[in-house]
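Single chain ahead, by itself, as C-alpha cells, in the form predicted on its own.
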C-alpha cells in the first residue's frame, strides 16, 4: 500500500479505523491531543459508560476483537423505570430473546482498541500532540506537542478527522466554509448533564438491578444509571441549565441534597458520596453537530463525532461511529483503494443516516424523561413487545435502530415514526392491554406498505 494515512484523533472511531486500515495493509500514523490513557489518568477511563449494541458490535466483529470486548460488557435487558410515587417497573428493550444492549466503559474499550491497533505493527500513535493548522490543498497538518511545545508538520495522502465534536480538522474546513460551501450547525439543548455515582454495596455487590439501564423520569428532567464491572453505577443527571428546576438553582449543600431526596428518593439513599460528586464533577452541555461536505479535496474525510456528533439519548453515538468504519471498509474493497471515489461516495451514503440518528436522539430525550412515565406510552410499548414476541417480521422503531444493523438509520426513523403514530393512537383508544387486538394493530401497521 503506497498511500500514507494520517488519523487525527485516537478515540473510539479513530482507533477502530486505524486497526482496520492496518489489517488491510496500510501504514497509519495517528495524532492524539490527550495523553495515553493506558499510562496516565486523563479522565477517559472514568467517563460516561456507553451502550454498545448491534451496529457497534458489527464494527468490533469486523476487526476480530469481540472476544476481548465481551468480558468488559454488562448486558442490559431493558429499562428499570423508577417513578416518583409508585413502584419500579421493568420494560424489556426487545420482545425477542437474545436482543439487549451492553454497558461498556468508554476508557476500557478505547484501551483495547489502542493496544490492538499498535499490535499490528502498522500503526504509530503520537499522544500529547495537537493539530493546530491544516493545509486542505496540500494535505499538510501542523502539530504541537502540548507538553514540550515542540512543533512539527506531517503530510498524508489521506487524512481522517476523527477528533470528536470539537474537531480541529472540521474547524479548518469551517474557516474556509465559503470556498468549500461547507454547511455547519451546532445546536445545543437547554439540558445539561452531570456525572455522579452509585458505588458498590458494602458487601461488594450491586445496589440496584445489575442487568438494566435505570431511569428516573421526571417532567422536564431525569436521571439514568448504567452498571459497571466493579458493581458501581455511573449515574448521569440531565437537568436544564436554567429555570425553576435547574442546575442554577442548586447552589447550597441543603438545596442539592433536598433536590435529590425529593426527586430521586430510591437513588438518593444509595449515593453516599453525592455531595462530593456533585461539587467536583463538571456541568456539561449537550449538542448536535451536523455538517457537509465531509470530504475535502479527495484528501480529507470527517468521520464519527467530527462529522455527526449526537446527544446520548438513543445510545447510538459510538455505534454510529463504528458503523462509519464498516461502511468505509466496504467501499475500500469495492473501489479497490481509489480514495477520491471512496471518500465521495462515503459521505453521500452516510449523511442521511447521520442526520436521522441525530434527530432520533433528540426525540428520545423526551421519551426517556417523560414518556416512560406516561401510561399510554407504556401501553404502546407493551403492545410492541407483544408483537415482536409473536411476529418475527415486526420490529419497533427502537429495535430497528438498535438491533437491525442491516437497516439504515434513515429507514428506521421513517418507518418507526409511522408505526409509533399508529400504535400511540391505538393505545389511547383502548387504554388497557386486555382490549388489545393484535390483528387490528397489524392491519393498521400494514396499511403503511
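Residue numbers count along the first chain shown, from 1. All of these numbers come straight from a predicted model, not from anything done at the bench.
The form predicted together with another copy of the chain exists for this protein as well; it is not shown, and the discussion that follows is about that form.
*Asks:* Quick one: of 230, 333, 255, 183, which gets a non-hydrogen atom within 4.5 angstroms of another copy of the chain in the predicted bound form?
*Replies:* Filtering the options by heavy-atom distance leaves 183.
*Asks:* Tell me, which of 172, 80, 327, 189 has a heavy atom within 4.5 angstroms of another copy of the chain in the predicted bound form?
*Replies:* Going through each option in turn, the one that passes is 189.
*Asks:* Report yes if any heavy atom of residue 285 sits within 4.5 Å of a heavy atom of another copy of the chain in the predicted bound form; otherwise report no.
*Replies:* Yes, residue 285 is a contact residue.
*Asks:* With a 4.5 Å heavy atom cut-off, would you call residue 155 a contact of another copy of the chain in the predicted bound form?
*Replies:* Residue 155: no, not in contact with another copy of the chain in the predicted bound form.
*Asks:* I'd like to know whether residue 90 contacts another copy of the chain in the predicted bound form, with contact meaning heavy atoms within 4.5 angstroms.
*Replies:* Residue 90: no, not in contact with another copy of the chain in the predicted bound form.
*Asks:* Find out whether any non-hydrogen atom of residue 177 is located within 4.5 angstroms of another copy of the chain in the predicted bound form, and reply yes or no.
*Replies:* So residue 177 counts as contacting another copy of the chain.
*Asks:* Okay, which stretch from 91-99, 189-197, 373-381, 208-216 lines another copy of the chain in the predicted bound form, with non-hydrogen atoms inside 4.5 Å?
*Replies:* That would be 189-197.
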